[in-house]
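What follows is a single chain, given as C-alpha cells, in the form predicted on its own.
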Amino acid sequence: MTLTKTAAVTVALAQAPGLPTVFTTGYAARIGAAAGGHNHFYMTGSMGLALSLGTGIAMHSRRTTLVVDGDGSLLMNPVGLVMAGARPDLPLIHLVLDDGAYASTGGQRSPGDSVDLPGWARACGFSRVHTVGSEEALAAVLREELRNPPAPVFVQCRVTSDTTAPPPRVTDDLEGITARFSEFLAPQV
C-alpha cells in the first residue's frame, strides 16, 4: 500500500471538482485547505461530525456531497452512518481515509483494525460500498459512482501517512468558513 492521504485527497478532488466537500478535522482538513476551494468546509475542532454535516448538506441541497473523513473520526461517531444509510436516495459519497491511526494527535493506533468499517456501512443501509488502496482504484470508483443515480456511497480508502510535514493548520475562523460555504451552496439565480 503506497497511497498517501495527500494523494488520496488530490485524486478525490480531481474526480469530484466543484462538489460540496466536507473535510473532517486534522490532517484531512489541512490537506483540503492547502488544495483550496470555495466549495470546501473544514471541520476544525469537530472530530466525528463530518458525515453528519455532509448528510445534512446532501439532504437539503440535493447536491452530491463528498465527505472526506478519517477512520478515527468515523470510529468516534459512527451514528452518521445510520443517518446517511437510512436515505437510499441520498446523493453522498463518504470517503474514509483509513490509516489505522490518529495521525493528528501523534499517530496512536486506532481500533480500526478490529472493526469492519465497510460491514458497518452495509449494515447501516449503504448499498454501494468499496475498499480501495491505490490512486487508480480510487479514481475509478469515484468516476463510476458519480455517473450512477443518487445513493449513499461508502469508500474505505486504505492510506499511509504522508512522509512530508502536513500543510499548516486551518486558521480561518468558523464564521468565515461557514459564510463562504453558504454562499457557494446558495441557489443560483
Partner chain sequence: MLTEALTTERVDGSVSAVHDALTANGLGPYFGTPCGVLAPLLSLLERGGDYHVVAREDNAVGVAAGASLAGACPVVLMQNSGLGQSVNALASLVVPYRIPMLLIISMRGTAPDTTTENLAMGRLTGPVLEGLGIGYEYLTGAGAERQLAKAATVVREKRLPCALLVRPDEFAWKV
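Positions refer to the first chain, counted from 1. Here the structure is a predicted model, which is why all the values come from computation and not from measurement.
Note that the form predicted together with its partner chain isn't included here; everything after this is about it.
*Asks:* Is its partner chain in the predicted complex close enough to Ile57, Leu174 and Ser182 that every residue in that trio has a heavy atom within 4.5 angstroms of it?
*Replies:* All three within 4.5 Å in the predicted complex.
*Asks:* Just give me the single entry in Ala33, Cys124, Leu49, Ala151 that has a non-hydrogen atom within 4.5 angstroms of its partner chain in the predicted complex.
*Replies:* When its partner chain is considered in the predicted complex, the option within 4.5 Å is Leu49.
*Asks:* Would you point out which of 49-57, 116-124, 152-160, 138-146 contains residues with a non-hydrogen atom within 4.5 Å of its partner chain in the predicted complex?
*Replies:* It is the stretch 49-57.
*Asks:* Hey, in the predicted complex, does Gly85 get a heavy atom within 4.5 angstroms of its partner chain?
*Replies:* No, no contact at 4.5 Å.
*Asks:* Could you tell me if Gly72 has a non-hydrogen atom within 4.5 Å of its partner chain in the predicted complex?
*Replies:* Judged by the heavy-atom cut-off of 4.5 Å, Gly72 is well away from its partner chain in the predicted complex.
*Asks:* Is there a heavy atom of Thr178 lying 4.5 Å or less from a heavy atom of its partner chain in the predicted complex?
*Replies:* Heavy-atom contact with its partner chain at 4.5 Å: present for Thr178.
*Asks:* According to a 4.5 angstroms non-hydrogen atom cut-off, is Met43 in contact with its partner chain in the predicted complex?
*Replies:* Yes.
*Asks:* Scan 57-80 and write down, in order along the chain, each residue with a heavy atom lying within 4.5 Å of its partner chain in the predicted complex.
*Replies:* Heavy-atom contacts to its partner chain in the predicted complex: Ile57, Met59, His60, Ser61, Asn77, Val79, Gly80.
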